[in-house]
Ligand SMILES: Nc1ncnc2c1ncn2[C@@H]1O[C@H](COP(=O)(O)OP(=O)(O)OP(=O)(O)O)[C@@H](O)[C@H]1O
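Just the one chain here, the form predicted alone, laid out as structure tokens.
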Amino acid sequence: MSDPLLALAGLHVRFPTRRGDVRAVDGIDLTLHAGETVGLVGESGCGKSAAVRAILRLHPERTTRYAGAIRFDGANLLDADEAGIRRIRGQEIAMIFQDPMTSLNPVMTIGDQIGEGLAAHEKLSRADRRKRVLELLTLVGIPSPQTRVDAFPHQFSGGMRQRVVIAIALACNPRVVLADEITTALDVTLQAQILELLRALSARLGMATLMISHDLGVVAGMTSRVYVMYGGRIVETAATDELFEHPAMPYTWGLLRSAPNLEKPDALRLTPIPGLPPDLLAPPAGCRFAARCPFARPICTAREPGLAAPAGRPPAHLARCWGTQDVADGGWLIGHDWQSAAAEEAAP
């Protein structure tokens, strides 16, 4: 396989406070190849948005500490100066933010906002820039682009605003798109439309896409691989089909079980994950999910497991769990599955 277009290697993102450093991202590895769509999932506060914003260095420089590497096309973006990272933003790597209403400037027309990136990165006349804006509005499915180009964000529905945000991201034909919770503010029908639009555009334009979501269902039909994040760490990664058919980490089981499913009995339709995420000012010494895991053993609170292939699974399937590793102190979850775990807990 060719070298990845984008690679996070031992990435740390910390925010200093009076009480110490918040370890929002604590040494994660992630790769994205050209033309590939990869998912990064986890509950709110797990660090996924902090990791993705770090790629474009969107955190305040004076109050953020980085370590590790963010390699794009072989170059470490953490070594780039401000001018260098500005050349990357929008032109090579673009971001679709999760809330289109707060992402768009309410006092600027959508045409002007789409054209900002073109003005910064492309040498186009005003007429050519407007022509390109109209092409982008057509590309993302905005009706009557000639009249809507001079409208303001409040004159668009939520779904149309999300399409405008996608048009802004695609303006300079980026090689990588970071899609951060792009369906969170939309109803189910609009979610399906936006996901289908992004799928079609990725295939048509050949761009690599990193999809960030708290919902495994959103990435199920969109991605080839998935990373599951918890407490600032990657706790499981596998090909998408493999992850859904054979999830190994109990936290991944919890994400799957917490998605509503009306086809199941009432007791199994929605099972929340109990407890709270770890304090990232002082993460626990062992597995960061141990306090919430019904299968935890003494070793789980004593030592943190590394990412390793669960017994009997492909080498590319990695999980951070003692219970899935065929070692003397672990292995008690080998052969277990999340459906039977749910049934056991629901039994009277």
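We number the residues from 1 along the sequence you see. Only a predicted model underlies this, so the values are computations on that prediction, with no experimental measurement involved.
Omitted here: the form predicted together with this ligand. The next part is about that form.
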| Looking at the partner-bound form in the predicted complex, is Ala54 within 4.5 Å of this ligand by any heavy atom? | no
| query | Quick one: is Gly286 in contact with this ligand in the predicted complex, heavy atoms, 4.5 Å cut-off? | reply | no
| message | Whether Gly45 contacts this ligand in the predicted complex should be assessed with a 4.5 Å heavy atom distance threshold; does it? | response | yes
| task | Report whether the minimum heavy atom distance between Ala24 and this ligand in the predicted complex is within 4.5 Å. | result | yes
| said: Counting any heavy atom within 4.5 Å as contact, can you tell me which stretch out of 286 to 294, 316 to 324, 28 to 36, 45 to 53 lines this ligand in the predicted complex? | reply: 45 to 53
| said: To verify the annotation, which of these, Glu122, Glu92, Glu181, Glu116, has a non-hydrogen atom within 4.5 Å of this ligand in the predicted complex? | reply: Glu181
| Heavy atom contacts to this ligand in the predicted complex at 4.5 Å, residues of 58 to 85 in sequence order | none
